[in-house]
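Given as structure tokens, the chain that follows is alone and in the form predicted on its own.
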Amino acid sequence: MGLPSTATLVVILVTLPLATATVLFASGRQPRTLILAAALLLACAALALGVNVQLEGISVHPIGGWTAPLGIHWQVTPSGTVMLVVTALVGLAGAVYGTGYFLHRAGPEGRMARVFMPLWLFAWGGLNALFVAADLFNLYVALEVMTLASVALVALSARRLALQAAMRYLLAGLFGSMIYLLGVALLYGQYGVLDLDALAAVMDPQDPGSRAGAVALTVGLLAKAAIFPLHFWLPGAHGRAEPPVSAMLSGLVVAAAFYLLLRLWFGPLAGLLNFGVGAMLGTLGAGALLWGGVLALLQRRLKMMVAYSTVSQFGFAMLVFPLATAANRDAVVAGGTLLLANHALAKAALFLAAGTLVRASASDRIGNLVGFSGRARWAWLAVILASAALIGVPPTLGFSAKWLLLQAAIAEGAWVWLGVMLGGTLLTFAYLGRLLERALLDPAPEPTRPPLLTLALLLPALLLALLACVLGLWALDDDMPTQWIPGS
């Protein structure tokens, strides 16, 4: 018996999380069996889709039998499938962690915990839809589903600072949505098409309307991806949310917005890269690397340090734009996609492990964290492995991604961008090394009555961190898919 068809798997990935979330909302309950079964099925569907794409390559699936430009379709690409698989792995880990984390919550937080998994599934469905949608408007719809569910997830903790962060996130998301939708309107008014392939065929880089539309799309997505200097909402939202929420937001939601940025600029907007856009976006990346890295180094609270690290890490991905040329475009965009995958796995692992350590220490201050002992040592092991992946230690996925970008920088003689990458890597080593040194060499004493750390709180982070380390071997394999341009 063979695997289900690609079309069937895509339908499952988009509709199952939304349908399950609706059932959970309607019932007002969170049956653990249903939640974990849905998450496991989504993970299996994503992995099966990866096998199909490896065998079949890019595929297009019209919805309702109507083809473009009258109809809309889903497009399954190698890069999109990588993001679908990573989303499924993080989503499954978050579901397992969430069921353990919220299990015995009481009072207002306990009541809010009942909507955690439905909101998680709504965001998951929006993410999956974004990775297969192939026209500007449906990409906008997927972005909104993902963003609104994420804002509600930030507000779950019900603490004043978290609610303030959620409101700031909502306003930033609405700003990004309006600017993005303005870009969609400008391009549709100019060319009368929304499909990405059709738009790429008619796009005129010299036209002022095209440039205005591209600027609006880019600014909107930069805000949603929290790219420097539009990152003001991210540290509070990610640092003050509950740990499983922070894992999805930092690992997946901002990565999805950035993935769409890659998809547009190496798709219909590619002709505009010759007008100095790459250098401008690369400059923003350099600012993100340095600013986010320095602020992460200065933090005294664990989750805020990890949140500022997200700002810094996306600076590496922004360097894809100045480094990509006609000769190396596939390899550079492959590096960018692998950076997103590495970030999703490693940062999700880091936030989940941070939540476990905060619970074990009864404090989120780095100086008060318990040491490498008892069950907390498994959380620390996840932190060590995730840190290695973010730094780019061989043979992690982070090393594979950065190696592709370093090769491009050397081949093109782009020494400035090479220096930025090396400087950003040193900063990453500095703030993560400071965390490990402070907690492992000078740990706080164990609490008198340490909380119970169940397997549900320990295994998800450790497995995600292990995947970030071992998948680097696959990424350097010669059989890895070569057509990496998103949407091609």
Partner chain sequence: MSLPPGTLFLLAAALLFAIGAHGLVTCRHLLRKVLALNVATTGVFLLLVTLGRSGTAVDPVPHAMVLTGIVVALSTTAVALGLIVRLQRQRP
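Computed from a predicted structure; not experimentally measured. Numbering follows the first chain given and starts at 1.
Same protein, other form: the form predicted together with its partner chain, not shown, and the subject of what follows.
A residue is said to contact a partner when one of its heavy atoms sits within 4.5 Å of a partner heavy atom; residue 185 meets this definition for its partner chain in the predicted complex.
Of the heavy atoms in residue 137, some are within 4.5 Å of its partner chain in the predicted complex. In the predicted complex, residue 164 approaches its partner chain with a heavy atom inside 4.5 Å.
For residue 189, a non-hydrogen atom is located within 4.5 Å of its partner chain in the predicted complex, even though that partner is not displayed. A heavy atom within 4.5 Å of its partner chain in the predicted complex is found for exactly one of 362, 411, 178, 416: 178.
In summary, among the residues 391, 148, 277, 384, the only one with a non-hydrogen atom within 4.5 Å of its partner chain in the predicted complex is 148. Judged by heavy atoms within 4.5 Å of its partner chain in the predicted complex, the contact stretch among the candidates 343-351, 298-306, 165-173, 330-338 is 165-173.
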